[in-house]
Structure formats: C-alpha cells, structure tokens
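Take a look at this single chain, the form predicted on its own, given in structure tokens.
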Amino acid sequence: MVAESYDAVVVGAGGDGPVAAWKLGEAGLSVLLLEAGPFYGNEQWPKPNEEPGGEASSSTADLSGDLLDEQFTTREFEMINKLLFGPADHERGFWFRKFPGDGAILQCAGVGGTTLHYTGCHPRAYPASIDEQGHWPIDYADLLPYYREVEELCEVTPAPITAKEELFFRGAARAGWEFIDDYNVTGPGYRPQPNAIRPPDAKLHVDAGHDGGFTYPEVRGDTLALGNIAGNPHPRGAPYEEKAKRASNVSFVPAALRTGNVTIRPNAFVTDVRTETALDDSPTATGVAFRDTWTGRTESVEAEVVILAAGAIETPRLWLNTDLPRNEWVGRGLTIHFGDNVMGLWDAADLEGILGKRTVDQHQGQDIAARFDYPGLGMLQTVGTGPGIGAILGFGASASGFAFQNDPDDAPWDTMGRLAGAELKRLLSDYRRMLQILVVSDDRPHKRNGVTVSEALPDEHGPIPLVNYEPSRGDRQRRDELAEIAAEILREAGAAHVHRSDSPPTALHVHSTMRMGKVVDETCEAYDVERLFVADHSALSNGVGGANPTNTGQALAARTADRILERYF
C-alpha cells in the first residue's frame, strides 16, 4: 500500500532511479519509486499487460523468475513491441513522442526501463570527456568510487570471445591499433566489452563438449544465445535474481527492496511536481501527482525530496508541463551518440582460413562483446543480432537514400545507403557470414537540440515531447572518421564487401537534456527549485565521449543519493 508521504519519491524505475532508491533506502529513508510502465516478473502483477493487478511491491518475495520466463520470450518483434515506451495495457498503444526524419527513440517503459532491452554494455565514460571538454562541474575522479560500487553490484566483467569478436580483434590489430586493458580509457584501441552480464558457464566453452540442456540449474550465467535486446530471460528456469543480464530490475531493484524501506508502484505516470514558495523565496518541491494508467485516477504523495529519474525525454517534458520556473536549458543540449552502421561480408573460403569455419555466426555469443575506443571521436562496437533487427539497423534506413543513388568510387566501402529487393535478399542470404559494426560518435551538446512541448499536441498526460536533433559539422566529421576506421578494420579482418548504412539520427542513447552545470548544480539539485533533484541520463553534462552511458548514469545517481543525504538528512 502506498502511504501519503515519504522521505523521498523517485520518478522513474528505469536504469538510474532504482540506484538512487537503493542508496537512500540503505541509509534508512522511506522511499517511493514510481514507474509509468508495468512490473514484469512480479507476483503482484501475474498478467501485467491484461489486468491492473496489485498496487505496489515492497518485498523481494514478490519477484519471480518463473513469471519472467513466461512474460519474456525470445521473439524479437514481440518483445520490442512489449517493452517500448507505452502503458501496460497495450490495447491503448504507445505513448507518442515526435522525432525528426526517419529516426526513432528507442526507450522502454517498465521497472528496469531501457535496461530491459539494453545489451548489458557497461563501460565508463572517457576521462577526457569529463575533465577536458569543459561541460562538467565535477571531475572524473569524483565518479570513480561510484563506478566501482555500480560495477560490483552489476557484476561487470569483460565479455567472452566468440568468432565475431575474434574477427574484429584480428582486424583492429592488423590495422595497427593497441589492445586496451583498463576500464579508464585515455587513448584509442580495442578490447572486450565490459558487460553487466554474468559470464557463461565453463561447460559452454567450445572445447568442453557440452551436449546437455541450457536451462538452470544445468547451466548458470550467460547462455551465449543473444536475446538481450528482447529482454534476455536466460537462463530459463533461474530464480529472478539469477538471470544472467544484470539489468536494473535484476540488480538494483532487488537490492532496493531488501533494504525494507523502498516501495515500488508501477503503472503510475507522474504528471506534476508540487511545490511551496515562501514569500520572496525559491520554490521547494513537496511531492508529486501521478495518474494510474489503468484507471485514469490521479493521486498525489508528499515527500521531503523529489528525484526526477524518468529519462532524458520524459524528465524535461514533466518539468515543462508543470508550473516549475522557466530555465532556458531545460530540455536543451540533447546528445544521442549520432550513430551509423558499417557491415562486412566475408567469402566462406576466407573465413575457413581465418576462423577455421565457414561462417561468422553473429547470433552466437553476447550481443555486443567487442569494442574500439577513440576518446575525442567516440567508439565502435560489434553487434550480434538476428536477421530481422540486423536488416533494419544495417540496411533498412539511410540518410543517403537507396544504395543505387550513391557513387562509392572514392569511399572505403563498396556500397552505401538503403537496400531493397534482390540486393537486400542477396546480402541477407549470407547473414551467417556477416558482421555489423555500430558507429557511436561523441556528439556534443548544442542548445538547438532537445525536447520541447506543444499545447496543441497533448495525450492523457499533457503535451507530448517534441524532439529536435540536428548534428553539427563537427559531429558529422567525427562520425565519418569512425566509419572509415570501421571499414578499415573490416577490410583488415578479411571482409570481401563493406557496406555503410549512413543511418539517420536515431536515439539509442539519450542524455544531457537537464545538464549538470546548466539546470542542476554539482549535487544534481535544481538551481531553481530546492529539494528537487535529477538522477538519470538527462543530468549528464555531455554524451560522456561516446561510451555507452548506463554505467555513468548509474554512478552519478549513486553520487546524487549521497549528496541528498549530506544536504537534507
């Protein structure tokens, strides 16, 4: 049962909100964690997409691995539709956000948020992006103890190596790049991806000859069967907290509930931040109002501090839809790691000589298990997908139109652009001899990019977010340089054909719309509203150099919780 007041209310149980809730709960504070989406794998909601279920959960006894197995399949299209940002009742459709061009915003609703479909990648920010770009009011060293705390709880380890990583490392080494053996990356090079996924059972090693099943307890840890984008319920049969991927619903949510001080209420969309203002003083946050997404009923709760953790789209939207003071940087400075995709295709005979087998088999191993870092430019990472998602990412959309419209004579790739028809069928028929590299650039925060709202476009929770993103010339140059490095690595690894997508902007990683130093101070408390904090990726001052942002967002949320305790409790 949800009480009328708490020490802290956290808006959003995605990747970062549960971190703040866990830290505050451990300190003895009463915490209410509100989430707009459903709670999968919880006995209080046995049919989370069909009926309202219970009201709230406060105990790890509610968590069920069996339910998670029922609710999370490995069917990509079904799971992406289930997890994308929308209400538990799928009959009501997604919650709409307007994004420019052919791009999209890939975020999830539900306890665990976008970590439900992230690939477990947990690198740290590049130190130079914090200490040398001039966006941050704190130093990289301030985050180090929190990185260690997050990495320990999420069990971050270097990803295991399968054929696709072996091929990528071969190409990077032959291109002259150095191997990196440090979580703090200060120069370019390649390395296994630091992933928040438990290592595979030793019996699954290629030399172990395992011919048994792949369910718990016969195997423990990762089963190397992809599935992270679809939620990854592996290993099947495992208790809730024994699932391999340490998404926040499996890592920080149980940790928060074990404190005995945290209550989680899903299906609760926050629509207002309540404040009080003494004469000639700044407003002070006193609580929130939220709408039950099943009944439509609006409720409110009071709190000593309010923590916004709804993500880099919804947190500024909430601010802009309330009576909170205007700040010219609310919603501004959006970074999305302006990305691209470069694909390599090998001849079977060449692979036989390189790998000892005639296929790459990108569907084996962890989804993203190898990376190339280049502080100042961004990163590259291998991507293992099923044919459907691979076709969409690599060939389904392009800012350059169809491939036949582009002349690649002077380019390091053989084709560029969208593919369709016979050419698409020809390449996809060789899917097992293909490797995709995701280009992730260090785009910088520009004031023109961000989130606004329009009274003319409301849904049941108020005006919807309107997202604007246009990369700068520098952003494009950094992405082009990374795409050329990707093509070189694929060539050096023996690829016979290289294709560049020239993907339109798509928001895979979304950050910096409530930037520390602009909207919130060095503790992540709002400059304009006392006792109102931000603890999600929107508080990041930039795109952390292009590194996957989950680790940094969670480390900053843990630091913010400590600063809240110091300042108000």
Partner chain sequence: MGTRGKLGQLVRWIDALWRAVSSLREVALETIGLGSDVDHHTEVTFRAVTDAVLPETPALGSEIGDEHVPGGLAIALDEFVVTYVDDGFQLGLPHVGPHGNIQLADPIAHALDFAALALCDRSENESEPSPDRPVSLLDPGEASPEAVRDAAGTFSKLSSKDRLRAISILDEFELSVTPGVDDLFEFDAGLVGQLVVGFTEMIYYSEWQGYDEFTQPPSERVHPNDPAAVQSWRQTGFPGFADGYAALRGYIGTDDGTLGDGETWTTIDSDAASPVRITRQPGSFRENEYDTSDYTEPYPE
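Residue numbers count along the first chain shown, from 1. Remember, predicted model here, so these are calculated numbers, not experimental data.
Although not depicted, the form predicted in complex with the partner chain is the subject of the following passage.
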{"item": "The partner chain contact in the predicted bound form: S398, any heavy atom under 4.5 Å", "value": "yes"}
{"item": "Contact of E522 with the partner chain in the predicted bound form (heavy atom, 4.5 Å)", "value": "no"}
{"item": "Contact test in the predicted bound form: D475 vs the partner chain, heavy atoms, 4.5 Å", "value": "yes"}
{"item": "Contact flag, Q193 vs the partner chain in the predicted bound form, heavy atom cut 4.5 Å", "value": "yes"}
{"item": "Non-hydrogen atom within 4.5 Å of the partner chain in the predicted bound form for each of P87, A391 and L419", "value": "yes"}
{"item": "The single option of R258, R491, R274, R170 touching the partner chain in the predicted bound form, heavy atom within 4.5 Å", "value": "R170"}
{"item": "In the predicted bound form, the residue from E152, E470, E218, D182 that sits within 4.5 Å of the partner chain by heavy atoms", "value": "D182"}
{"item": "Listed range touching the partner chain, judged in the predicted bound form by heavy atoms within 4.5 Å, from 409-417, 263-271, 250-258, 460-468", "value": "460-468"}
{"item": "Heavy atom within 4.5 Å of the partner chain in the predicted bound form - qualifying residues of 137-175", "value": "Y140, A141, L144, R148, T157, P158, A159, P160, I161, T162, A163, E166, F169, R170, A173"}
